[in-house]
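Just the one chain here, the form predicted alone, laid out as structure tokens.
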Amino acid sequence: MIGTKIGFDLGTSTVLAYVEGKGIKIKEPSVIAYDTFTQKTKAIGAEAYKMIGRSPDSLTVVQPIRNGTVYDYDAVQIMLAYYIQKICGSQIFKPNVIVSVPSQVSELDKRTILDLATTSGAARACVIEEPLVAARGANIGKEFRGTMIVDIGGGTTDIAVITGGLVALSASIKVAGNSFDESICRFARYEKNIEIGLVTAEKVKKDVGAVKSLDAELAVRAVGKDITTKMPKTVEITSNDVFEAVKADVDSIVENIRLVLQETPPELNADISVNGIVLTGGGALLRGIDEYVENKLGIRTCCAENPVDCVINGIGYYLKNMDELEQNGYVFKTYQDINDFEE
């Protein structure tokens, strides 16, 4: 294919872009800010993220991808076009683009993503399931042996059994990193009598988040608004507090892993009992989450190396090995192909 090859991980929390031969070139929050009255874009990515919870009425700040699904088509199109232009500049030929999607996304949502990519500047676009590319990014799943990948992203957790470089069966649930943040906010409100924002909750999660009792308990100071007086207030939140806050969410993920295992054919189940479960995504950074899953299910569980970048690195693999995609039935489509299909 003529033109630059780009892979996008359009996450609920983060947009990443991988350029063939150059590696990861974009890693920005999935946020856009625009003028409330004129609708003109004011900021994209990191600059827009700083405005969450702090913007005046004249600015609207949105996260246009929610739970792995496009929530604001126009905003995602603006973001994609901006990043494609940033990568390609004044190149004559339009790029070829791969975009990852949650494993259980609908055909309509897949067509929406393809349409977004081609109207944002791609010559051709292809969508591929996140757990499959996460497995390749973690360097597993190519052999004909069952391995389970659990990709805990921002908006969704994808649970899949991978064998022979393909997804044998999968499930996608809307319990993931953002759910952890919301649970920390609720805990702070009801247990600490303080209202904190999602940005603060995310920082707490990253700084002291744990799914086990640590020998040396961690603590961080969180600033918010007193529920009673409505005045500024600072409280200490510990790793044990976070454990209590997110335990129900993690238990939900564990239960859905169990359900997928129960649906897995015997031979693949036997493989998983040997090969274990691999955790990827930002949620895998919660201290002790691998031990927690292993203790609950009795199956060896580990976190992938550099779990946050497994999806985008897996996309990078397929950018270099597009023949594998074609052999497994993945098709690159032009804008005209998409329109012809819809007609």
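Because the structure is a prediction, the values reported are computed rather than measured. All residue numbers are counted from 1 along the displayed sequence.
Not pictured, yet referred to below: the form predicted together with a small molecule.
- For the three marked residues, 155, 178 and 285, a heavy atom of each sits within 4.5 Å of the small molecule in the predicted complex.
- Only one of 221-229, 71-79, 203-211, 187-195 lies within 4.5 Å of the small molecule in the predicted complex by heavy atoms, and it is 203-211.
- By the criterion of a heavy atom within 4.5 Å, residue 281 is counted among the residues contacting the small molecule in the predicted complex.
- Using a 4.5 angstroms threshold between heavy atoms, residue 299 stays clear of the small molecule in the predicted complex.
- Among residues of the shown chain, residue 308 is one whose heavy atoms approach the small molecule to within 4.5 Å in the predicted complex.
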